[in-house]
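Shown below, as structure tokens, is a lone chain in the form predicted on its own; questions about how it binds or moves come after it.
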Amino acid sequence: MCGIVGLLIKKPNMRDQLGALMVPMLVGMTERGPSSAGLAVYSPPVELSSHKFSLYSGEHAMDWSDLLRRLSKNFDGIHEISPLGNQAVLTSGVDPDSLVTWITQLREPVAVLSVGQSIALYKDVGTPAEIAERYQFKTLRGSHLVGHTRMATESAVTPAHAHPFTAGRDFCLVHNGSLSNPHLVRKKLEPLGIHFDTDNDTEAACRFFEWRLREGDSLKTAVQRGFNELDGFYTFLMGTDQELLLVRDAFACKPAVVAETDEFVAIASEFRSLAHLPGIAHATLFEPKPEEIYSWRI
């Protein structure tokens, strides 16, 4: 089991409440995923010439100010960093590929969790309540987010194996279920130069969909292709800087429920994670149908 949550705020004047509304949703999925948790939050984009980089230093203490100093020494431009314990969000105008290469060559083991103009990503090992407190999720602001609580069934319990998974720019995916053919997907993608960071089956789906986006597909078209390429049981929730997308496999054995009002769209594996939301008594509630694609744009 794993727990999925998603929240999209329609009314701009409510977007300061995004984190506060989400935390009970994530904690409500604790029994479905007590081993690790994470989320990707989308906020107004940085300038077109800049990107945000979500960084993670693991158990190693990181002097983020020193990293910023070294970055400024090696690259011209304005760089800013917002540290939070062993994670930080770096904003920089450096070419993303060049900056990621530079970071991976540091003597410290710093991982790049996400890259984009809108996305910031936090994930770690621990219970959902611990992760929410550690990274101050209640303070998050933005238009929408994708969250996950994990109960590991097919790979190790590490921050790298926690969800959300990301690929490309401003794209993330969380998954409840199990794919039976991730190695075949990897076998197809690796000769195309697509690199994998873990042996997690969810990463195979994430990189498949992002590959199709780079090939020119819309996200819906990419998901439709996935019906023929990805075998197994799944509920996928995906985020981009413009939308949330939800889809279940043909058997729909992994639960999901959606609540929609004039103010928000909320998604969870179980209704208990939605019960606290304002106006939930008057929301339109439904269970997503098998292999039907649901998409909401900001």
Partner chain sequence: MANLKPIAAGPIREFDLEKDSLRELNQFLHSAATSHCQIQVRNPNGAHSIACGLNSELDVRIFGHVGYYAAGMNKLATVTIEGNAGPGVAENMMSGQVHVKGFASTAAGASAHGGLLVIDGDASLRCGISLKGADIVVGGSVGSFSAFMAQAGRIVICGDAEDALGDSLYEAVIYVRGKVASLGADARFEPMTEADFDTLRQLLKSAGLEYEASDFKRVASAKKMYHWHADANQEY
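Positions refer to the first chain, counted from 1. Predicted, not measured: the structure shown is a model, and the values here were computed from it.
The same protein also exists as the form predicted in complex with its partner chain; that form is not shown, yet it is the one meant from here on.
- The closest heavy atom approach of R69 to its partner chain in the predicted bound form falls outside 4.5 Å.
- Using a 4.5 angstroms threshold between heavy atoms, L230 stays clear of its partner chain in the predicted bound form.
- Using a 4.5 Å cutoff between non-hydrogen atoms, V46 does not count as a contact of its partner chain in the predicted bound form.
- Among heavy atoms of A61, none comes within 4.5 Å of its partner chain in the predicted bound form.
- Annotated contact segment (heavy atom within 4.5 Å of its partner chain in the predicted bound form): 252-260, selected among 236-244, 53-61, 35-43, 252-260.
- Contacts between stretch 99-134 and its partner chain, counted in the predicted bound form as any heavy atom lying within 4.5 Å, involve no residue at all.
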